[in-house]
Every structure is written in structure tokens, then in C-alpha cells.
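In the block that follows, a single chain appears as C-alpha cells, in the form predicted on its own.
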Amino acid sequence: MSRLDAVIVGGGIIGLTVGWKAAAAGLRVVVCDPAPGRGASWAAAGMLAPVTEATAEESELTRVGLASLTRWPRFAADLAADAGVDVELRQDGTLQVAFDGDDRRALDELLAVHRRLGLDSQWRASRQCRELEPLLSPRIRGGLFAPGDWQIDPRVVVTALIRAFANRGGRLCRSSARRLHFDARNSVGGVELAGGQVLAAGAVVIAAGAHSAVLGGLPPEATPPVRPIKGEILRLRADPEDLPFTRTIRGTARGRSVYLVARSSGEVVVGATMQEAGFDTTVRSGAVHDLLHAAIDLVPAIEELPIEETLAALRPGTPDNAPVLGPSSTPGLLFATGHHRNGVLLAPFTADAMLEVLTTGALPAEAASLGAGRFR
């Protein structure tokens, strides 16, 4: 194979989106992943909720999340056109509810943060919450409604991305990248695959999620500070005509945090735990118990739904919970990783930023705060 413009290591929603946008721009691109779309992207709930996720400590991440959310309608339309499938982007808002007095005080504080940041977050009394979602528990003490939050099914998105990437001329290599390949100038010049084949390229983009720091040949000074953060998640099944709720619901009940996402297909997603457990992906019985207990406290009708799937996946965490984008200190080595809980939300923003890096060599100004150099 002739020399490529870029090899992307990792075929989750980030790697596939960067690959699709690069191929659409005319670059010769290969995405390497033995099971594309089947990692954290497959487990994700698909909440596009920068308002609900906003905190005082992460105002820059909130800014980036809002910037990416504005790109999602065009991103979804372009993806649907290139893949030939509707990816079903929905704007139903998020209702974040309080189960007891402590939760109510926490939401009051969060509302004050949202107002300082200028976000559209509205207080709803308990009666108003049940007008939005009639099957909420009568114990709900009120909540915050973020009407601007969206949701998407990540499984539909990654399936569409694989098709769109191929339709734009990209090549999907269903093999693991074993190590970086260096050229005679000691710049990264491609990757060596598990079978020994070398893919030569002008740039290598590490988009391998939680595994981004373990690729062979990564120079110590250029290794991204990415670690795995385990998340367990459940999928339940409801009658599509009789869903127990329609918009995303979040809350804490008896000290257990949970979110619930309903799909038009009848799927109900309940998630998600957060645990520092290395690369372990087993599902703990206690995690299933806690998630179901909290979900039933908020929406009692959940109790009647059958469990369709339990799954654990690894989020790529960083010291500041924000992604690592752009050039590393090693020539030819680029990063698009470390998105933690926000990989789905930040996919359009990341793809735009990385396309600029691939074509000009530098991050755009709006993404400069996410560069790898901030951790040196």
C-alpha cells in the first residue's frame, strides 16, 4: 500500500468520526481496530447534555461541550446523507430530579452554577416534574429541566460511521496496531499491525480510548495521561408504545446516582457506575443492584421491565476530565483521546479540530486549551 495521509488507531466514535471527516476532505485514511465501534461507544447512553453535565470546576469543558452540541444537527444530517440511514437525533431535554431534601439542596447549588454560566436550566416543582413525566415517583421533591439537551443512540451512530467512512473512500483495517513505526528521521511514520504489516503514513492519530497510553513504541515524554475508568450500564426493554418516560431523567436516590434514557425502539438505558479498576470489564452484581434500585426509586414502573443486557466498558479518563487533542511532542504523532464521559457529545468538535490539525499542523484556537502540552 502506498503511503497514507493518516492512520487512526482506534475505531470508536472518535476515531471513526475523525476518519470519516478526513476521508470526506480527500485524505487517504485507514482506521485500525479489530472490533470497530464495540468499545465504550457501544456501551454509551448517548446523552448530549453539556448543560446537565456542567460544573463550576469544568467551565472550559462546558464551553467545548456547548460548541460541539451546536454542530450535532449538521453532523447528524451529513452522516445520514453519507451513510444512507437516519441517526435519529432527538431534542427532548433532560430532567434532573431531587429524591430528598439533600438532593434538593444540591440541585439548588447546581442551578446557581448554571445561572452563573448563563445556561438554560429551569427549576420545576415536583408537580411540574410529574407533568413532564407522569410516572415519576411521588416522592420527587422537584428538579432542573434543561430543554436544550439532546440524545442519540451511539450504536446507530457508529454503525452509520462505518458505512459513511467506507462510502467516502476510507479503509477500515480490522486489526490491532501493535506499535508505532518510526522513519529514518525518528518521526512517527506509521504503525506496525499485530500481524507484522507496517502501514506507512504522514501522521498517526491515537484515538484508542482507554488504551491510548499502552500502544507499543510510545515515547515516555509523549505518552498521554489517559487511564481506564470502568462504567457498568444496563439495558432494559419496554413496549415502544408504552415507555415509562420519554426524556432523559437523572437523579440521586439514597446516595445512588443514576440516569435513564428512553429510546423510540423501546430500549431503556440505565447507567452508569464509575470505578477505578484498571482494564477489568466484568459486571458486578452490586452495580446492577445499585443502578436498578436507584432507577426504581425515581421511576417505579422500571421494576416491571426485563433486563436485556448488562455491560461494562472503559472510559478514557484524564487528570482534568477533558480530552487530549492535537500534536504531541513527537513529530507525526497526534492525539484524539481522553474524552471520558463526553466522547459522543464531543465527536463533531473533535473531528473538526483534528481535520484542521491534519491539514495545517495546528489546533484551531477554540480547541487550543485541549492540547497535549497542558500536561507537561
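Since the model is a prediction, treat every value here as computed from it, not as a measurement. When you see a residue number, it is the position in the sequence shown, counting from 1.
This protein has a second form, the form predicted together with a further copy of the same chain, left out of what is shown; the following refers to that one.
Heavy atoms of residue 289 reach within 4.5 Å of a further copy of the same chain in the predicted complex, making it an interface residue.
a further copy of the same chain is not drawn, but in the predicted complex it has no heavy atom within 4.5 Å of residue 118. None of the heavy atoms of residue 102 is located within 4.5 Å of a further copy of the same chain in the predicted complex. Using a 4.5 Å cutoff between non-hydrogen atoms, residue 179 does not count as a contact of a further copy of the same chain in the predicted complex. 296 is the sole member of 222, 135, 296, 198 with a non-hydrogen atom within 4.5 Å of a further copy of the same chain in the predicted complex. Among 243, 283, 111, 80, the residue placing a heavy atom within 4.5 Å of a further copy of the same chain in the predicted complex is 283. Heavy atoms within 4.5 Å of a further copy of the same chain in the predicted complex belong, among the stretches 68-76, 123-131, 210-218, 301-309, to residues of 301-309. Residues from 194-210 do not approach a further copy of the same chain in the predicted complex: none has a non-hydrogen atom within 4.5 Å of it.
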